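Next up: a single chain in structure tokens, the form predicted alone.
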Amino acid sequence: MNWLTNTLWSSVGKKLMMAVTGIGFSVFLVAHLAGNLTLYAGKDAFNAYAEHVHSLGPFLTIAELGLLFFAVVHIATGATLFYQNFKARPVRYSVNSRAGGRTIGSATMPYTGLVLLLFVIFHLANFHFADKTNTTIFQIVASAFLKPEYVFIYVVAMIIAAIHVSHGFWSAFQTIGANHPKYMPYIKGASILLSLVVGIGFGCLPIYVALMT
């Protein structure tokens, strides 16, 4: 097992774990957005969707534990890689060049990741762990988005998520070896498309709920 541990904890191994967990989170985001879009069909449709998800019982628990495991791996490896990079070059270059295809997404990955971690904790506290006694998930969501500050936080967080995904998705495929010159432009295009879907798809929901309730 030492060879496996050494491989995974090497620089290449940590980047690979970041890539795999990142792709996993991208899949989850698309699935989660698809479910949340039932809000547009009304409170009954959204409550029915939520009840269906919770009726999965042990399968839901396994999925949640899997996401938690992915989160721990993604955060731990990301923080370690950031520290190693910072330690290797503690002093920034005097000129911050955009050479090499550097984008706002690639330049801010550690910082957008940290903001998203704080947002996920905020999100779970307000919805997943909210008191659901004598209420429905739609009522919880509607009550939250009646507060302008909540709408603002969610919209800003989704913009940050879009920036994170815009680089993270194609970078993950590059890490696992899908960096052929023929296909990489399509993967980068898919990454931009996914970032727009995440940003606009999730970002419009709190605004819609606030206006309709």
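One-based numbering along the sequence shown. Everything quoted here is computed from the prediction, not taken from an experiment.
Same protein, other form: the form predicted together with a small molecule, not shown, and the subject of what follows.
Proximity of I23 to the small molecule in the predicted complex: non-hydrogen atoms within 4.5 Å are present. T175 belongs to the set of residues with a heavy atom inside 4.5 Å of the small molecule in the predicted complex. Put simply, L114 is close to the small molecule in the predicted complex: some heavy atom of it is within 4.5 Å. Remark: A45 does not count among the residues lining the small molecule in the predicted complex, judged by a heavy atom distance of 4.5 Å or less. Proximity to the small molecule in the predicted complex, taken as a non-hydrogen atom within 4.5 angstroms, holds for one residue of A63, L29, I159, L37, which is L29. Annotated contact segment (heavy atom within 4.5 Å of the small molecule in the predicted complex): 160-168, selected among 160-168, 52-60, 177-185, 147-155.
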